[in-house]
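Form predicted on its own, single chain, as structure tokens, below.
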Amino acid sequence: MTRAPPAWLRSARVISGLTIVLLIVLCAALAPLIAPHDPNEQNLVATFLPPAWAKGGDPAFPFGTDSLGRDVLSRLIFGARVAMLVAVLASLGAMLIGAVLAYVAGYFGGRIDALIGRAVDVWMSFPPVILSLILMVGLGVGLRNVILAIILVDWTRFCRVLRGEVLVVARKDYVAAARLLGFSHWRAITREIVPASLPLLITLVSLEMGIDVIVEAILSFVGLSVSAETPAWGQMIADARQYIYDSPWNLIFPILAIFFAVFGFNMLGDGLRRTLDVRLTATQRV
């Protein structure tokens, strides 16, 4: 008798989102092997070539070329490296800080909860994108600083949402029973509260990855992310906007790349939320 796959692997949303995300991750990981050209190789004789299927296109450049004759497809593939690196590292960093503070605030409550809650309210009063831009001006240009800026801005999202879940779980009878049995605070949090809130945490991480892709694109669009030698989707949009009437495909393709990346992360996060959240699953059964 074969065991049925877990519920989250039977969700069409999870499978669709996971397929898109894995495809982009594979493109990023295998970029040097699958990219048809060097992303920075210039060919001034072949500038503004249309896609291969359009009139005047060249099969050697499937998605055409930009104003410097660089292959658009190769730049898209290498740009996925920047997007995925920021999405993974920034979301995990923000999750780590926000989750630790959320567990401390929700479990202990009282003055600790009030202090952390007030800090979150003050930090979230600033528009996230504006705050990211301000931090980048102070930190300087660079991928490491982009990741750090996103972590410093987005930890509040994890803290606020997860704190509410921890407040509910911490008041469950089984948590009180664990304390009566002599569990330490650390053991009660890690053994009882963290497993109960893990589905929400996984969902928040997957949704945060989509947000991080957009934030990195915005920062690279204004020149505050990676250097000019490193292909990035936002940087490609910034370069293409000057020639939107001459070569609209240079603008369309990076926008589509950002759209599909965010769409994949959102589908994955929504599917995980629907299948891992016990309360939602019970409601759907009813």
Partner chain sequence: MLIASDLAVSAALANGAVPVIQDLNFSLAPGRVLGLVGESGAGKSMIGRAVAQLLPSGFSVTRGELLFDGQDLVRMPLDKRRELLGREIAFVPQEPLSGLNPVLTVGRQIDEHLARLAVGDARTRRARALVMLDAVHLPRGAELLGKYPHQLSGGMCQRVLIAMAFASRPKLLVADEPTTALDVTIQARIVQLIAEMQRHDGTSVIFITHDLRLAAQICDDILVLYAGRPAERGPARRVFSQPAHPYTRCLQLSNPAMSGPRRGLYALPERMPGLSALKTIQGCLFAPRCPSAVGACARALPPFTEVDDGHIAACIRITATAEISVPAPAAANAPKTGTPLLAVEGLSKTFRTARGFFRHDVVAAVRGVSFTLHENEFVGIVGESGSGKSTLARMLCGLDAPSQGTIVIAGRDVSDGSSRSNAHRRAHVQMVFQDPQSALNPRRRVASIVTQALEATGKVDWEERLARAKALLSEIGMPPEAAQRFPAQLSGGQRQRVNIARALCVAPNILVADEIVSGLDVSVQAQLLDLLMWLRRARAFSMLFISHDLSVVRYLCDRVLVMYRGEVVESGPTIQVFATPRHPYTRALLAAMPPDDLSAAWPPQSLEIEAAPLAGKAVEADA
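Positions refer to the first chain, counted from 1. Because the structure is predicted, anything quoted here is derived from the model rather than measured.
The same protein also exists as the form predicted in complex with the partner chain; that form is not shown, yet it is the one meant from here on.
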Query raised in the report: Does the partner chain come within 4.5 Å of any heavy atom of Phe183 in the predicted bound form?
Result: yes
Report task. Mark Ala176 yes when one of its heavy atoms lies within 4.5 Å of a heavy atom of the partner chain in the predicted bound form, and no otherwise. Result -> yes
Query raised in the report: Taking heavy atoms and a 4.5 Å cut-off, does Pro195 contact the partner chain in the predicted bound form?
Result: yes
**Report entry** Which of 183 to 191, 84 to 92, 147 to 155, 70 to 78 sits within 4.5 Å of the partner chain in the predicted bound form, heavy atom basis
**Finding:** 183 to 191
